[in-house]
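Okay, so we've got a single protein chain in two different forms coming up as structure tokens, structure 1 first and structure 2 after it.
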Structure 1
């Protein structure tokens, strides 16, 4: 036992230095008023004052509401689309390997690069989207897709769904391939139609994969930063400012290090609660199947 701890000690120390220490230091920063001086940063302990300031600020609740709404819509659509694509790719069709490889291209692109590409697509002057819609007479004049809160939010969601649906699809496809074919044969013998086989066989056995995909995507959605940073910079106004960007602007734009880290720590707390709830639901699903 002692030998095992000694062998894993170097790795545990490295993990503590790169994860636990930054987390602890961030919590300490959130409990202080931090001012920049010629000699560095000066810390002045103020307890929970930064958190009181954050929770009393309407911007925090607006950013939190936007993040929750954004996560709920995008994750739901990604799960539905990912499941449909996975069901199609699970069939014995020719070129399935090529289709999977092409499908993974959006996921492998760096988000900043794909966001810049979507910025060109949505551009109100020379954007491809306006050119296509005007050529088929759906719109008569160019639309500033990133110029209003509603269209900017929808545009961001479309870009996010395009990029992350392949990730969800791969998790779903792995889950589908783990389902024994004997179950479908037995259901067919019992007279089950394709829809009943999906509802009574596929969906129950796929719930752990769905829960896992949802967990990963919810956690990623709460860390949303680079996509709105490139496309809208949180605008118009503050309508597309997620909670991660709110912390960034408080720290780097306004120089409010204590308040910014308080936003970040509060976000981590919310994410931990969501992760625990999702893991509990996931364990329940697995237990029901077993």
Structure 2
């Protein structure tokens, strides 16, 4: 037992250094008023003042609400779409390897680059989307996709779902391949049709994978930054400003290191609660299977 801890100690220490230290330092920063001097930062402890400032600011709640809505919609849709694609790819069809490779392309692209591409697609003057919709007479005048809060949010969600569904698909596909085929045989013998075998065999056994995918995606969705950074810079107005961009602007534009880190730490708190909840859901599911 002790030997085991000793063996893993080096790795654990490295992990602690690269994760715990920055987190601890951020928390410490968020409890101080910080001024930048020629010799580095000067800290003066101010307790929870930064948090009071943050929680009293309507912009924080607006950004939090935007991020939560965004995460809820995109994660849900990505799970549904990812599952459907995984079910299709789990069939012994011809060219499956090629299909998987093609499907992974959006996921392998760096987000700022694919966001730039979506920016061209959504452009209100020479955008491809408007050109297509106008040529098939769905719309008569170009729509400014990134110019109003609702369309800008939806446009961003579409770009996110396009990019991240492959990731969910891969996790689901791995989960599907772990389900023993004799279970399906047994279900067949019991007279279960396709839909019932999906509902009673596939879905329960896939729950750990779904939980895992959801966990990863929620964490990523709360870190949303690059898509709005490229597509809208948080606009129009501040309507598409996610929480990470709020922290970024406070720290790097305004030099408010204290309040900026308070935003970041408060968000981490919220995300940890959400992550623990999904982990808990995941564990019970694993227990049920055993």
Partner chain sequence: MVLTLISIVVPTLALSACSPSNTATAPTKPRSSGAAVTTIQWAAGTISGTGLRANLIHQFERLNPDIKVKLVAEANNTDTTRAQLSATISGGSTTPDVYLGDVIWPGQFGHQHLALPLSDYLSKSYWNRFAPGLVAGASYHGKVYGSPWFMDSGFLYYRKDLLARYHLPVPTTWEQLKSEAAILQGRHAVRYGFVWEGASYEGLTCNWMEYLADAGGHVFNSSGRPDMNTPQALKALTFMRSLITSGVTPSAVTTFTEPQAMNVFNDGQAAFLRNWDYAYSNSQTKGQSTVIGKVAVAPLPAFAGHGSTGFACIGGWDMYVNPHTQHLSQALRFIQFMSSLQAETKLATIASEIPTNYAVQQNPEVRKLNPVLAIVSKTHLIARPSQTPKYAQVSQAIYTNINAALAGQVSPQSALQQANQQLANATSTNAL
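It should be emphasised that the depicted structure is a prediction, and the values quoted were computed from it without experimental measurement. Residue numbers count along the first chain shown, from 1. Each form is matched to the other, and the largest set of C-alpha atoms that superpose within 1.5 Å is called the rigid core.
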Of structures 1 and 2, the form predicted alone: 1
C-alpha of residue 41 moved at least 2 Å between the two structures on rigid core: yes
For residue 10, CA displacement between the two structures after the core is overlaid, in Å: 4.7
